[in-house]
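Listed next as C-alpha cells is one chain, alone, in the form predicted alone.
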C-alpha cells in the first residue's frame, strides 16, 4: 500500500535512528518515489531535528528529544492522530479560510488537506506552526500565511505580541485547535501559557472552532487553560473516547465526531 508523505518520513527517521545513516539511493529503491520527494523528506526531517543531511544521504542527528518536545509528541498515538487528521480535514471546503494551530494532531489535519480539498478556488491557511508550513509549502492550491512572532523551538510555533496582533487582523471560516487536556468543567488546556494565548485568540477570530484531540486527552487537565468548552463547536476524536464523557460533551452542545 502506498504510504503518505508523513508515513514515509516517519519510516525514514526510524531507519536513520536504527542504522545511524541512510543513502539516498537506498531510499529511492525502498519507497519508489521521485528524487525530489525524498530530498524534500530529508529537508523536512533535518529541520525537525530528526537527522542531518550529508552528500548522498543522511546521518543520525545528535539532537536529543525531550519527552515533551514537538518531535517526541509526533510519535505518540500516530494511528489515532492520522485518523483524526483525515476526519477533520474532510470538514474543509475549497475556497475556505482556515487557521491551524501548532499541535501534532493539527499537523495531521494539514497533511490530509491536499487529499480532500479540490477545486479552482484557493484555500487560505493561516498558521502559527513551522511544521505545518513545511508540510504545505509545495501545495499549489493554497494561500499559505505564517503568523510572525517569537519562535518556540520546542513547540515549532510562533507566539507573542506580534502573533496575537496579526491574528486580530483577520477573520476565518474554521480554526483547528489541539490541546493536551479537554473536559466539561475545565475546557481545553495546554502546557505553555503563550501557546494557550495564541489558541485562545484563534478561537475568537474563527466562525467555527474544531478541536482535534485523541482519546487520551479527554478528561485530562493540563497546565493552563485555552478556552472553556463553550468556546468550541466541534470535537474530532478517536473511537476509544470514554462513552460517558462523549455523552457529557454532546450534552453541552458540542458536536463530537468519532473516527
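In this text, the rigid core denotes the largest set of C-alpha atoms whose superposition between the two forms falls within 1.5 Å. Note that the structure is predicted; figures quoted are calculated from it, not measured. Residue numbers count along the first chain shown, from 1.
The form predicted together with the DNA exists for this protein as well; it is not shown, and the discussion that follows is about that form.
Novice: May I ask you to check whether residue 5 falls inside a 4.5 Å heavy atom distance of the DNA in the model of the complex?
Specialist: The answer is yes: residue 5 has a heavy atom within 4.5 Å of the DNA.
Novice: Would residue 60 sit within 4.5 Å of the DNA in the model of the complex, counting heavy atoms only?
Specialist: Taking the distances in the model of the complex, the answer for residue 60 is no, it never comes within 4.5 Å of the DNA.
Novice: Please tell me whether any heavy atom belonging to residue 30 falls inside 4.5 Å of a heavy atom of the DNA, as the geometry stands in the model of the complex.
Specialist: No.
Novice: Within a 4.5 Å heavy atom cut-off, is residue 205 in contact with the DNA in the model of the complex?
Specialist: Residue 205: no, not in contact with the DNA in the model of the complex.
Novice: Name the stretch, out of 208-216, 191-199, 223-231, 31-39, where some heavy atom lies within 4.5 Å of the DNA in the model of the complex.
Specialist: One stretch meets the cut-off, namely 31-39.
Novice: Aligning on the rigid core, do we see the C-alpha of residue 12 shift 2 angstroms or more between the shown form and the other one?
Specialist: Yes.
Novice: After core superposition, I'd like to know whether residue 23 moves between the shown form and the other one (criterion: C-alpha shift of 2 angstroms or more).
Specialist: Result for residue 23: yes, a 2 Å-plus shift.
Novice: Is there a C-alpha shift of 2 Å or more at residue 53 between the shown form and the other one once the rigid core is superposed?
Specialist: Result for residue 53: yes, a 2 Å-plus shift.
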